[in-house]
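The data below hold one chain only, encoded as structure tokens and taken in the form predicted alone.
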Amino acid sequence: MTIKMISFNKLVVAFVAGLGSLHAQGTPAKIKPLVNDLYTADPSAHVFNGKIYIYPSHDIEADVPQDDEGGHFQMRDYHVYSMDKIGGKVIDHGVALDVKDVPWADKQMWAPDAAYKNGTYFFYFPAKDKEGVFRIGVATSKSPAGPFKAEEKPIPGSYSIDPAVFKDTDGKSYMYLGGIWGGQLQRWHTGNYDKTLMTDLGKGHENEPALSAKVAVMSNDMLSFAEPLRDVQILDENGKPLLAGDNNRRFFEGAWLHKYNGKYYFSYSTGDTHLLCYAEGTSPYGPFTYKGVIMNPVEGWTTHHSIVDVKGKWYLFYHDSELSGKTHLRNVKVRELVRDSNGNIKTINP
């Protein structure tokens, strides 16, 4: 008889998913993709002028072999979508920005975000520069739908992927960024870029604090950082930093911040364990205390999301690979986010 071995990590994921299902919402009607004619992923949603705008990445088939650095994710442009309401008709506003129109960028236009200030809409995006290093770029428009015109150079001091901009009630805007493995965050852990670090910091580091997402306040013109990037610390229930070996809770990529009832909710993907988690804090800088799982694994490899308030109800925008069945050809979805009386987010079974 042949006995099939199952990795410890997979057993833990299955166990966590099982626990999550005990507290999860009831199974709703099947959630349909918002876009069917293109492959879209990594949706950042915002409400501008009373309308919902979605800023996703645009997956394409590039016939690049899959690897841990995400080489098969070869996105080259962005479309912007809008809806008048949740469940309403989705409008494609066409190409908002193409890699050929970004002077410093070479390829891999990954997960973007958008923001608004003083009559201008800002579009933030990661891309590899001519040396193969991920940087964060910014483009501007007078319309939330674009098209956007890119700045000549990336944001000074920026690196890695997944920019997300949060505007606080005091008017300050904060950018969160970072992703390990293909996102190259591990290559910057000494403060300088080290291309020899391919996926993580290696065996023997499991009991060290996990790599952190980064955060900085944006300048008044929203085109640069007003300060050096700093770590976003995520703590466990005992106030200790999450460890690198804690794959079911530590940060991997896809940071997002939203504010609810005076508290700051930092949400993110655990990457290789496919969970969408969140932590809670009293400052946009953190530290944030781990609280739980927002959503159990979707079909596909990654979980990248945004959380937005639409007319008093909160919604989760995310992606899976229902349309293609392939991890690099994804589709965007949306569903309501539900909390308990204490503000804790109820786990979703996708």
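Numbering starts at 1 and follows the sequence shown. Note that the structure is a prediction, hence the values are computed from the model and not measured.
What follows is about the form predicted together with a small molecule, which we do not show.
Asker: Quick one: from Met75, Leu229, Val102, Leu275, grab the residue that has a heavy atom within 4.5 Å of the small molecule in the predicted complex.
Answerer: So the residue touching the small molecule in the predicted complex, by this definition, is Met75.
Asker: Counting any non-hydrogen atom inside 4.5 Å, which residue from Ile161, Val80, Ala213, Ala164 sits next to the small molecule in the predicted complex?
Answerer: For this set of options, the contacting one is Ile161.
Asker: Honest question, do Ser57, Trp110 and Arg330 all end up within 4.5 Å of the small molecule in the predicted complex by heavy atom distance?
Answerer: Yes: Ser57, Trp110 and Arg330 each sit within 4.5 Å of the small molecule in the predicted complex.
Asker: Since the chain is shown here on its own, which stretch among 31-39, 297-305, 44-52, 282-290 would lie within 4.5 Å of the small molecule in the predicted complex, judged by heavy atoms?
Answerer: Single hit among the candidates: 297-305.
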